[in-house]
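In structure tokens, the next block holds one chain alone, the form predicted on its own.
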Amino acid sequence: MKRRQFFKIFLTAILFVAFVSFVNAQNKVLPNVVVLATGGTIAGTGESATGSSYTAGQVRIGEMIDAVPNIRKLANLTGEQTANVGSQDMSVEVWLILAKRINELLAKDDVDGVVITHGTDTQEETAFFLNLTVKSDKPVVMVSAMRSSTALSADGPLNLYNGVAVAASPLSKGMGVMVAINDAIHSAHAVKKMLTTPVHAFMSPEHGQLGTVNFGQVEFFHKPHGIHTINSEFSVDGVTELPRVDIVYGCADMSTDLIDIMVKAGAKGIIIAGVGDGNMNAGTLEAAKRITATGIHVVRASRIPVGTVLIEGEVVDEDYGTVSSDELNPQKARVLLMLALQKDKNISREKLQELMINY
């Protein structure tokens, strides 16, 4: 009798433990992720599933989230429509709104990460700007698409699913702002749009991608390069605009007229997307030397998509008052120069060179 009672109690205990485990599994606490939408191809629609023509920013964020199967199993999601533009129309105004809202959200204990839907054309610039101005080590992940939502084999839904998975993963803490696209995870510093229309348009040619995300399974290979987020010296608190910085594209027999026009229009800095190793013709070098002497910063970048612009190569920057962009492409060098000038309008050439190397 005692043995029977023992087995009865033992069996009851096992069933109770199994029931508690089942309930706990059903009530598993999911991370809280906020999706901020800005428009772009990922929210675009077209008249034909097999045509290349479409209009960006037609699908609102709630519809986008609801269209992705099982995405709510990854995280508790809320969506906000921050902007609704094609990324060719992305602006400093939207950048500032995004950065301030992200900082506000990530300061909350009940927000674990942020995902941003964005167009691909200027995604790397927005990512780099946020990488320098977000003040949290919680994940911030940008997602986009090369095909509109109505296109055959649209890539947006899986990119959004994977982006939420990256933002929800504890592995993503401290990795800075990331771009999740085409099953790859890229850092904001390294990522570049290398192709015009294919789904594998984004690469990180200097440092390699940070990791992979395959149907929600996240794996990282290494840490991101450069100073970012909580260690960045830049802030958007109280900032309503950024100093004007323009880009000049280098070419054979380039004229200095555009540089003079930009200075006259109020540019506080100029990025020259030079040929090869940030080179430019003799006339442009003299124009650069002339305007740097007036306190306007000139940064030598390159129109070549991959590689480093040497400080003492064919052009010795100290001789002309210029600064090398190091491995930053022209558009990212522009972002960094704008933030540097916003923080200190009298920033020295030496300090600016240090920033280009370290960020």
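Not measured: the values here are computed from a predicted model. One-based numbering along the sequence shown.
If you look for the form predicted together with a small molecule, you will not find it shown, but the lines that follow are about it.
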Pick from 330-338, 36-44, 310-318, 292-300: which stretch has non-hydrogen atoms within 4.5 Å of the small molecule in the predicted bound form?
36-44
Whether V141 contacts the small molecule in the predicted bound form should be assessed with a 4.5 Å heavy atom distance threshold; does it?
no
For S87, is any heavy atom within 4.5 Å of the small molecule in the predicted bound form, or not?
yes
So in the predicted bound form, does any heavy atom of D121 sit within 4.5 Å of the small molecule?
yes
Test of understanding: in the predicted bound form, would V134 fall inside 4.5 Å of the small molecule by heavy atoms?
no
With the small molecule left out of view, which of A288, V114, A145, I270 would have a heavy atom within 4.5 Å of it in the predicted bound form?
A145
